[in-house]
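Okay, so here's just one chain, in structure tokens, the form predicted alone.
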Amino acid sequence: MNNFDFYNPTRIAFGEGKIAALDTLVPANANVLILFGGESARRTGTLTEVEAALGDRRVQLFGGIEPNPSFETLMEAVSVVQRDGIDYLLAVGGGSVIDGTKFVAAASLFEGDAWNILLKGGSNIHRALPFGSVLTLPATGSEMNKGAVVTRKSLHAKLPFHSEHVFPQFSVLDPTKSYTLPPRQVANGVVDAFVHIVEQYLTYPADAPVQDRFAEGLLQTLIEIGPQALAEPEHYQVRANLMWVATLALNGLIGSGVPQDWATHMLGHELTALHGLDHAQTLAIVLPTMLAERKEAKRDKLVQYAQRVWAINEGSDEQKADLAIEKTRDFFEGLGVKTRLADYQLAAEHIEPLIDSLEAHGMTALGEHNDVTPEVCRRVLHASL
């Protein structure tokens, strides 16, 4: 196991009815801006419940944060914050809303062009507004980490940033708020959480059995409950476990002291930026072929993954690795998340612009060994057709 520093200050208020805890979690004198996405938060009554819990605090609403939140929309929110003296932010939604709120929290106090936050990956963030979140879509884990991803539509750029200044102070996780999600969003959430875990686990052995067993247990849980979450939308325990797995998948625990990959995510970001695919759809396309392309470098962990997660104990190491990759693809497909570029009307002629964009954003030495070059990504995309 490698040396590491672990820090996570986010308080979790978990369970049905926990939105009422906002009255104690948000400072009594706060001037609050609630950020949310579309009309579902209002239609389902979640916004009304949140506003009621905030009581007599000064509250404003800012809606319209997109899936894959855009820099342009978020800068509008920054203007509201600065104009109206907002001193506390509350994200109500899924990972995109929370990611967007992290950016608004940092950009509102940033000196200079806020685009530089993304160009520098967040290393230039020195302060941010305090904020909390009410999670309605289990997927990204943004409710308990310091990272976010923002898209600048005008530049077709989707860039991540990280900073300890943008940990949520708290996150409310009420599984019942996920009952009304469309099946596509539920399936996307399962895939997103699954790939988050894989990116931190499926690299090379690092003598870290605690992290490995933790990751394997989370993966097995998703394999078990993913189909149930689609089949029984209002099964409280299933939705509760899905929400908690998605949070644990990316709150820093399983990635502490071990090598991490993230090449699948970086290539996936380009697919979203250029073609508007859902984040999880891009991960489902890229991961199986990325694993196959890098099978030799990942052989030891692929075999471990095959044996411990998928209970594949017959055959050679290569056969085990191949079958584990096949089962991973089948799992995504079984959730209704397609795994080929052709499923999204993308063909060979779309590959070179993706590679050009990857190079333009400096994503030329990816993966746990920094050996995932544009040429490797090109082969992965062709194999994903």
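As the structure is a computational prediction, the values presented were derived from the model and not from experiment. The first residue of the shown sequence is 1; numbering continues from there.
Keep in mind that the form predicted in complex with another copy of the chain is missing from the display, and what follows is about it.
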* Asked: Is another copy of the chain close enough to 106, 121 and 266 in the predicted bound form that each of the three has a heavy atom within 4.5 Å of it?
  -> no
* Which of 239-247, 180-188, 285-293, 121-129 has heavy atoms within 4.5 Å of another copy of the chain in the predicted bound form? -> 239-247
* 4.5 Å heavy atom contact, residue 310 and another copy of the chain in the predicted bound form -> no
* residue 234: touches another copy of the chain in the predicted bound form, heavy atom cutoff 4.5 angstroms -> no
* Asked: Using heavy atoms and a 4.5 Å limit, would one call residue 80 a contact residue for another copy of the chain in the predicted bound form?
  -> no
* **Contact test in the predicted bound form: residue 20 vs another copy of the chain, heavy atoms, 4.5 Å** => no
* Of 227, 217, 259, 160, which one comes within 4.5 Å of another copy of the chain in the predicted bound form, counting heavy atoms only? -> 217
* Residue (of 75, 155, 274, 208) lying close to another copy of the chain in the predicted bound form, criterion heavy atoms within 4.5 Å -> 208
* Asked: Looking at another copy of the chain in the predicted bound form, which residues in 316-334 have at least one heavy atom within 4.5 Å of it?
  -> none
